[in-house]
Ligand code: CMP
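Taking the form predicted on its own, here's one chain by itself in structure tokens.
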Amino acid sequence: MDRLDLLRIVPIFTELDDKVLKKIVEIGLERKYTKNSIVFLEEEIGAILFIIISGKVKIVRTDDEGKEVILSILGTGDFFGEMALLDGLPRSATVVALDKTELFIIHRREFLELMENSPQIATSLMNELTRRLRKANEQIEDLSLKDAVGRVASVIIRLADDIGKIRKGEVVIEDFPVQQDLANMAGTSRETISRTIHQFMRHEYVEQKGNTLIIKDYEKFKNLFS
């Protein structure tokens, strides 16, 4: 993807004109990661903003028992690493490449200069952080109040919103996560994931073709499980 086209779809840069976007292209660097490689670890000191050019990453934390909890899966145009960039504190989570991934990076000093010269970036960043906070609150509510089927459905809806593609009322989720990753997102077991997805398939809510999941009537599915 052309770097200008990439930046145009990044939420915090959508209001910028091409002159500023070209400046960002000039100051940014690119890094490539192989599948399952670690981008950074929780508690590392970080001073870089990451934007996904291609591929996907998962944002994970480890609970007190050493179990991995997946907070989010991000794809092309998404960004991460902004919290440590702003407050200078250690990273709050670990980021792992789910497949071959290319990232566009901006160092802290350059990013802070960008915000100073283009205040709309700060406004857009605040709006995006607020959206993510609301989403995190919804995830906490899902995990604490819903049963296993509801939690699995919520994870599927979240993936549909984050990385799905809408096609005539259907939502296609390509590179659907493996069952263990889904279990780590829903706070349940692989067996529950398998059983619940097969239940959804029997009711014809979803269809699975290899590693692609299709939600056949997305609005109906959301209304049933949101």
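Bear in mind the structure is a predicted one, so any value in this text is a computation, not a measurement. Note that residue numbering begins at 1 and tracks the sequence as displayed.
Keep in mind the form predicted together with the named molecule is missing from the figure; the text below concerns it.
- Put simply, of 115, 105, 148, 71 only one has a heavy atom within 4.5 Å of the named molecule in the model of the complex, and it is 71.
- With the partner omitted here, the residue from 99, 82, 110, 138 that has a non-hydrogen atom within 4.5 angstroms of the named molecule in the model of the complex is 82.
- The closest heavy atom approach of residue 40 to the named molecule in the model of the complex falls within 4.5 Å.
- Although the partner is absent here, residue 182 sits far enough away that none of its heavy atoms falls within 4.5 Å of the named molecule in the model of the complex.
- Taking the partner from the other structure, the named molecule in the model of the complex has a heavy atom within 4.5 Å of a heavy atom of residue 59.
- Contact annotation: residue 92 falls within 4.5 Å of the named molecule in the model of the complex, judged by heavy atom distances.
- Contacts between 103 to 132 and the named molecule, taken as any heavy atom within 4.5 Å in the model of the complex, involve only 132.
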